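Coming up are structure 1 and structure 2: the same protein chain in two forms, each one given alone as structure tokens.
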Structure 1
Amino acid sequence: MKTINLKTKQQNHPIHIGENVLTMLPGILETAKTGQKIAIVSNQTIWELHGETLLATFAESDYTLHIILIPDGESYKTMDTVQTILDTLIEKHFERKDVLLAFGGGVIGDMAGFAAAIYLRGIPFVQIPTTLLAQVDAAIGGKTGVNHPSGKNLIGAFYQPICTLVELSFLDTLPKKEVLCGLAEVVKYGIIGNTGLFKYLETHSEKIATLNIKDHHRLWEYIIRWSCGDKATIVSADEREAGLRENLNFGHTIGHGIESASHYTLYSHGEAVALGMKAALELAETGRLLDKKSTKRMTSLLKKLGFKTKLDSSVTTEAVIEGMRTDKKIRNGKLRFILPTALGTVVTIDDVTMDDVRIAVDNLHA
């Protein structure tokens, strides 16, 4: 097992990574002096696969567990679903020391974390991510929230969990599409700052592209640990996204536009981000920030790992642009793009012309 400490001004937020890490949870809660009620937010699919494992963790404890199963999918990441969670907390008379636990992927973590942040102005929150995307990205850093019909993650709060437990064995049952979704964020870490990780992905691209975690457990464990460490380091330095943390948005500005334009159904978050990264690389090259050789190398890795690099014709360029207009990273009316200047180095640019953005998105159709 490995523990990574994410440090904020308030306290440390440990991330425990390994197998059988759930056994630590009762002791963590006891040390934190939490209440005896725990609300577990999950969905039917995750609960059927791993619910018994989580329940066994509390078999010899005195905690009272309440299970809240919510619908699965990005389209349910709404205030209505958060209201369902809050209704249960109120009905069961949860107090300020009682615990809300997210047990699932990024959508569950975002909504459960937001509910924890606003219920009684904040109750203890635990993240147990079960998808690769959540383990390497969404469950780390304290971003919580929901989507709005006008855009992704427009309503939310920064709220850190008291701990995050990354149970690697959960990934053995993960569908390959979900593995690919999380892998996009791993590639992102390599491009924006971790050249060693990028080279590791290149060297092992053939095995990684099988998306078979169970047969290559050590390889994926290495990737996950490295990615968690990168995210924790960045968030520790800039929890509220005032500077350095913005780099994590590489590929996300256009990626979120693609998700919005396709109504969060055609592409997973990771697939949309991969397309967004490809478009961002083109913008960097067009702006003479990045040379063609580097662009080709980074785009080539996306293709080798199995990402789609062509946007479906049903998703129009104008719809993507419209989806980007409500991006929460807009400042003074200007879209901000994270663009590479070399492998491992990025800059924030706010003077990219909309004509260049249209061309980059148009070229995703080519």
Structure 2
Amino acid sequence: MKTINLKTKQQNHPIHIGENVLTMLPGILETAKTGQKIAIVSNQTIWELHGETLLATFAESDYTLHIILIPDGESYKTMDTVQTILDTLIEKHFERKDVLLAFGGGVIGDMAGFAAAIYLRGIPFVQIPTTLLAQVDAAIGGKTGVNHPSGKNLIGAFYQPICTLVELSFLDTLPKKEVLCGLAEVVKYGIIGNTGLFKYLETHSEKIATLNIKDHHRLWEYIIRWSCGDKATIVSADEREAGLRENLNFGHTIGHGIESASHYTLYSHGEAVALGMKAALELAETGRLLDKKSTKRMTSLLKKLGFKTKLDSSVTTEAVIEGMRTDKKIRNGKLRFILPTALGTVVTIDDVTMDDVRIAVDNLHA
């Protein structure tokens, strides 16, 4: 078991990573002097697979548990669903010290976190992420929120959990496509700052590419620890995204364009980000920020891990560019890009031209 501390101005937000970490939960709640009521927000898929494990954690304690199951899927990450969570909290007379626990992937975590942030102006919140993406990314950093018909994550709040419990064995049931999705963020941490992680991914690429976490817990524990540590360090230094945190957008500007252009169906977020990283590497190389050898090394890791590095012809360059226009990362009409200058080092470039981007996206089709 390993504990990483995410530090904000107010306090420490520990992240416990390993096997059987849920056993720590009653002790953590006791130390935090929370109330006796706990609302668990999850969905049917996760609850059927792992609900019993979570319930067993509370077998010896006398908390009153309320299970709120919401339908599975990004399309339910809405104000309406938040409203149903709030309705239950009100109906069950939740008070200031009572707890809201998110048990699921990023969708559940973002939404439950937002409900916790706004109910009575904030009640204690615990994150138990069950997807790789949520364990290495979404559940860490305190960004919570929901989608709006006009765009993703348009409504939200920064709200930190009192702790995050990253239980490896939950990933044993995760479909491979979801593993691949989280893996893109892992590669991102390697490229933007963690050369040790990047080399580890290179060395173990064959095993990792099987996307079989169940039989390789130790390997994945390293990967998750490193990734969580990186995100926690970045967020601790820049909680509100005034600077450093922006580096986490590497691969995401074009990635979001691809997701939008393919109507969020053809590619998962991770696959789109992998393509976005490939295009960003090319932008860096054409802009003479990055040498050919490094570009090749980073792109070839993406390939080895099983990411598609060619964009489907049905997703046109113009549609990708159009999709990028609604991105929050565009400031004053200019495109800001996080681009690598070497393995483990990135810079922000805010005068990338549309033509450069067009060529880079065009080349994804080649």
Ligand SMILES: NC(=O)c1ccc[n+]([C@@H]2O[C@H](COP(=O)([O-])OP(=O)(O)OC[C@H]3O[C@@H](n4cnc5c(N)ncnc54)[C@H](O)[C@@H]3O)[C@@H](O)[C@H]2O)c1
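Basically, rigid core = biggest C-alpha set you can superpose within 1.5 Å across the two forms. Quick note, the numbers are simply positions in structure 1, starting from 1. Quick caveat, the model's predicted, so the values are computed rather than measured.
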{"query": "Structure, 1 versus 2, that is the form predicted together with the named molecule", "finding": "2"}
{"query": "C-alpha of residue 286 off by 2 Å or more between structures 1 and 2 on rigid core", "finding": "yes"}
{"query": "Post core alignment: residue 361 C-alpha displaced by 2 Å or more between structures 1 and 2", "finding": "yes"}
{"query": "Rotation (degrees) of the smaller of two rigid parts between structures 1 and 2, from C-alpha fits", "finding": "10"}
{"query": "Cα shift between structures 1 and 2 at residue 260, which is computed once both forms share a superposed rigid core (Å)", "finding": "3.3"}
{"query": "After superposing on the core, C-alpha shift for residue 318 between structures 1 and 2 in angstrom", "finding": "4.0"}
